[in-house]
Each structure stands twice: as C-alpha cells, then as structure tokens.
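So this first bit is one chain, no partners, the form predicted alone, shown in structure tokens.
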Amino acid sequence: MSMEKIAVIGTGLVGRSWSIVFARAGREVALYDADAAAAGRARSAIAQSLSALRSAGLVADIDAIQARIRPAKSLAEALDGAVHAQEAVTERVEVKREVFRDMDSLAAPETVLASSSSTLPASAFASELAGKRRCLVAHPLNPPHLVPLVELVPAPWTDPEVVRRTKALMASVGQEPITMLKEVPGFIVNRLQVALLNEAFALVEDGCITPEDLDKSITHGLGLRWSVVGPFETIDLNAARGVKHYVEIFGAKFFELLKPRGAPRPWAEQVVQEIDQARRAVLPLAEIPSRQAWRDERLTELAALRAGSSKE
C-alpha cells in the first residue's frame, strides 16, 4: 500500500472528507487550515465519520486511518514532500487565487495542485502562475468519502500528464474520476442538476405538483434508477432495440414537450418562498444538521450495499 503524502488545504466538510478518502487508502495526509485551531477540531469530526464507516463494515482499523491524518502547522509543512495537494477552501475566486499562488511558490515542481471548486474553473484562479500547467480542478461530490465521483477539469494549458496522474490517484484511492474535455461553467454534475432544478421550480410554479411530491419523484423514481444506471444507459435499456429505438419512439414527443419551456425562467421569489415554507414545515432550520447526519448515514448504508455488490 502506497504511503505517498497528500496535502489537504482547508478543514471544512469537503477537506475533512477528502482526508478520509486519502487516509483510508493508505496515504499520509497533511491537513492544513489558515485557522490554526481548525485542523485540530477537524480530527474529532473525522473520528465520528470513521466510526460510522466502521459500523457499516466499510473500514476496519479506524485508529490507523486517523493516525495517517496529521495537522500541519504551516502551508509549507503541509506541502513538503506531497505528491498531490487538494485545495478545499471557500468558493471565492480571490481566496483561491491567493491559496494557489502560495501553493505554487511553496510546493515542489512535480506536486499536482488540484482545486475542489464546484463552479470556478482553474483558468479563473491559476492563469498567472508560473506552474499553471500542474493546476486543475478535481471537484468531488459532497461528501467524497461516501460519494465517489470526482470531476477532473483541466484548464486549456494543463499538462495532460497532470490529468493522467490525478485520474490514476483518484482511482487508486477508490474514487470514480470523470475527465472533462474542456472547461464549461458548472462542469458536468452541476449543469445536470441545474437543468433538473429549473424544471422542478417551473413545475411547482405552474401548480403541477407540491415540493414534497416533486422530491419523491426523484428519491423513489429517477434517483433510485439513476443510482444503478445513468441516463444514457437508462434509455438504452428502456427500448427493445436500444438508444436509437428509444429516440425513434420518444424523441419527437419530448422535443415538442420542451418547446414551450424556451429560455430558462428565473427562480421567482414567490416560488422560492413556497418551496422554502414547504421544507420548513417538515424540517425546521435548527434540525438541518441532524438531517445532514441522517443523509450521511443513508449514504453510508448505500456505500456498504454497493461495496458488497458483485456487478458494477
């Protein structure tokens, strides 16, 4: 098992989860945060997540995993000897520019510098760096220790070998990397999510369905199916002769269905208010943290189920 060192920069939800991803795969993790006390506090949250993984049978020796995650006193210490640096700071371009400037000046030339950004491409914050060819986005779905997809988004100038190394690293630690062929705003998953959200808001605004039942259409329908097969495989399996047959049957009908939608609608304030009130009726704001924990428990159970599945 490799003992390569990974630097994780930022100790929020994503940074802590990344630390688990790398440490459970045998990597040494240097966890750094500009807030000196934050990395220490993160260890207790990491311990709780590891306990949940052990209870689900997904990991065994959580003490050994935890021991591989060590707080670093400085950014230079975190980067010293690291083969890969995973930035997970706040989603503000000026902050990322500063962090990447500092990483580029401190890290060894061969260290890959990856951002966890969910919306900002590397070209937005790394274009002026001397080492910009080693920079890219490696965007996880939160929390990455339970949801394995990672979107690799190289800038136009990113060295292909950096993309290859990052893809190999992510696969080696149990993640599922996908590689974008060019930068587009929002990357892949958020663009798909926003397309669905746009239609969901419109359906509620048009009085077609309640917010509660809209959510059920995903959790008990599309989401359940898509957790096993993606949208293209779904339609391939839903017609006797595959994708072409499916499009022959439904393509024109769906095109006509989409015509009235035209340009995307703004998410109207009254609709946002209606959906928010519906959510607050079932989940007061104060209970969001406990519901987040419930979500993670369900994701842990799903991860355990998938780990025991013989077919992918």
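Quick caveat, the model's predicted, so the values are computed rather than measured. Numbers follow the displayed sequence, beginning with 1.
Missing here is the form predicted together with a further copy of the same chain; even so, the following discussion is about that form.
Checking M180, V163, A72, A124 for any heavy atom within 4.5 Å of a further copy of the same chain in the predicted complex turns up a single hit: M180. Just one of D213, E128, E98, E110 comes within 4.5 Å of a further copy of the same chain in the predicted complex, counting any heavy atom, and that one is D213.
Contact with a further copy of the same chain in the predicted complex, judged as any non-hydrogen atom within 4.5 angstroms, is confined among 60-68, 241-249, 34-42, 47-55 to 241-249.
Within 4.5 Å of some heavy atom of a further copy of the same chain in the predicted complex lies at least one heavy atom of S227. Using a 4.5 angstroms threshold between heavy atoms, L299 counts as touching a further copy of the same chain in the predicted complex.
For D236, a non-hydrogen atom is located within 4.5 Å of a further copy of the same chain in the predicted complex, even though that partner is not displayed. a further copy of the same chain is not drawn, but in the predicted complex it has no heavy atom within 4.5 Å of P156. Residues L283, L285, I288, R291, Q292, W294, R295, R298, L299, E301 are the ones in 283-301 with at least one heavy atom within 4.5 Å of a further copy of the same chain in the predicted complex, listed in sequence order.
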